[in-house]
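Given next, in structure tokens, is a single chain: the form predicted alone.
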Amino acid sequence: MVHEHDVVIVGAGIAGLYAALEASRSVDTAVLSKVFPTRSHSISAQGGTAAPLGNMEEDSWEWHLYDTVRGGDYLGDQDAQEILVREAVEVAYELEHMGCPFSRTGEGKIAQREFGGHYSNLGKGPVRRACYAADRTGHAMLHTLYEQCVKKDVRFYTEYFVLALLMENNVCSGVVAWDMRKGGLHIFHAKAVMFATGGYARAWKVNTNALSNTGDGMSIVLQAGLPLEDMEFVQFHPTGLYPSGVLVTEGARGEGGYLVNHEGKRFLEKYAPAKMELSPRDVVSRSIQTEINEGRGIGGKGYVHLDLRHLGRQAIMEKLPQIHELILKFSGIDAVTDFVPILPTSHYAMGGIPTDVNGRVVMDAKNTPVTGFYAAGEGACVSVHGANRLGCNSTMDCAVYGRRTGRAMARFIGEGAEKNTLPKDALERGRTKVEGLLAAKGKESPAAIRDELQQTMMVNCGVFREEKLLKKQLEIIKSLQGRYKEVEVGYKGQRFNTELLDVIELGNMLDFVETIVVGGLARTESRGAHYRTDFPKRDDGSWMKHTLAWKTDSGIKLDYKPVVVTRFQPQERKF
């Protein structure tokens, strides 16, 4: 079956829905999602969304820009970062006017709280910049946008799994997708296609991500012959609940929570004495992991404590009710009266599908755009986060760049874009993948391969990295890719064949993780979330550049392009 639309968006998180809302104002727009839209992973964002509204004290977009540049260890493109912080204020008020239920000040303004890495006066004092809806901010934003999309008659195709990008001669014409409920292949033919396909932290055993976050969009782009950008930069969030990694929002530290080791000491005073627990995430994560590695985890185990007890029951239940509930349900601990065990947990992709500031996917170091193909959100890399994302900048990145991308697609079509002819083998591109897996006869267990990938990525490609471990991980990935060819899908039916989908997701994970390890091996410096114990210093002379990675028959091919620097020259980071 062939479906015809002006715009087809893959992914229904904040970026995808904001783009759909904007595009649908003037063109026929459809959204494909492998989950129901309001179950998209954006719903998991807890503590806030960044905008320098100045509702609690003086703030400015210039201060927000400086924090974002410095927080990203100067690898972010400053033209894209300036767009983010300038448009954040307008987007926050636009969301408010749509009905997003932000928490309020006594005067009725949008309430704001502190977050790590956000300061006033160019890094000197504290500032409350994170707009929040208790600790359910992503939930509030996602539902608001979904309701607006329904109002604008956006067409939703729920539980469709995209298998391939339809592209010829650098022109995109659509996607091939699998109907997860009924089975069968569908072609979506469009003038513009957008990927808002999210992140990939499920490739690590301890992570904060939904089960659906398996990096599908990134791998499909690789399989189409396009590059990924800055994949070596993988963020570990400092406070994942031990041992699962379930997210405990940075808003907990923003409200005054602090970290202690086995000796009962606030150990951040050794690592970041000025900003303590409100230092950027890469700094706090390395501090926690160092305490654990050096035997000062609680009882010598792999966690430290987050202390919220002094905040009091009323403050916790008003400002962190979901966190209190999650901790209680997953650990049986009442954060009002007890310490919370936490550890660094794989969380966020700074890299992804390379785009320009209007969401157009680019194919090389010269930023040559692919006609008709767009991306935004965590799965994309417009490079606003550089080497390390600041907390609460992700939801605003999705909103600002989702909105810009939706408008860019509508403009592209309004200027006369037509549907490109579908490739002759369009349907075969999906059929080959599905029928090949269903027909395969092998001895390997997909679950065993996935478990070994997740366990070894934690050990060899985690908070700290070094050449020996990265080389070992690359060998493991090659071995797992070989074993993947021997997996067998036991259930052969088409309706709700989740076993088939699990195997496709596993294949996608095995594709993109190779770019992370190869890019990390090549980058012989430490910058932001990429920390090499064998190269502990940042090397601006050699590495002020973005990595581009292609998947070829002979392995991963790398190239580089310069970082855009406009206002702030690189300086040593101190917190």
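Note that this is a predicted model, so its numbers are computed, not measured. Residues carry their position along the shown sequence, with the first being 1.
The following text describes the form predicted in complex with a small molecule, which does not appear among the structures shown.
Stretch 196-204 is the answer when you ask which of 196-204, 83-91, 423-431, 307-315 has residues with heavy atoms within 4.5 Å of the small molecule in the model of the complex. Although the partner is absent here, Ser526 sits far enough away that none of its heavy atoms falls within 4.5 Å of the small molecule in the model of the complex. Contact annotation: Val35 falls within 4.5 Å of the small molecule in the model of the complex, judged by heavy atom distances. Using a 4.5 angstroms threshold between heavy atoms, Asp230 stays clear of the small molecule in the model of the complex. Residue contact with the small molecule in the model of the complex: Ala15 places a heavy atom within 4.5 Å of it.
The partner is absent here; in the model of the complex, the one residue of Thr515, Thr68, Ser40, Thr547 having a heavy atom within 4.5 Å of the small molecule is Ser40. Only one of the listed residues (Tyr160, Phe188, Tyr146, Tyr242) places a non-hydrogen atom within 4.5 angstroms of the small molecule in the model of the complex, and that residue is Tyr160. Across the proposed site, Gly47, Tyr348 and Ser394 without exception bring a heavy atom within 4.5 Å of the small molecule in the model of the complex.
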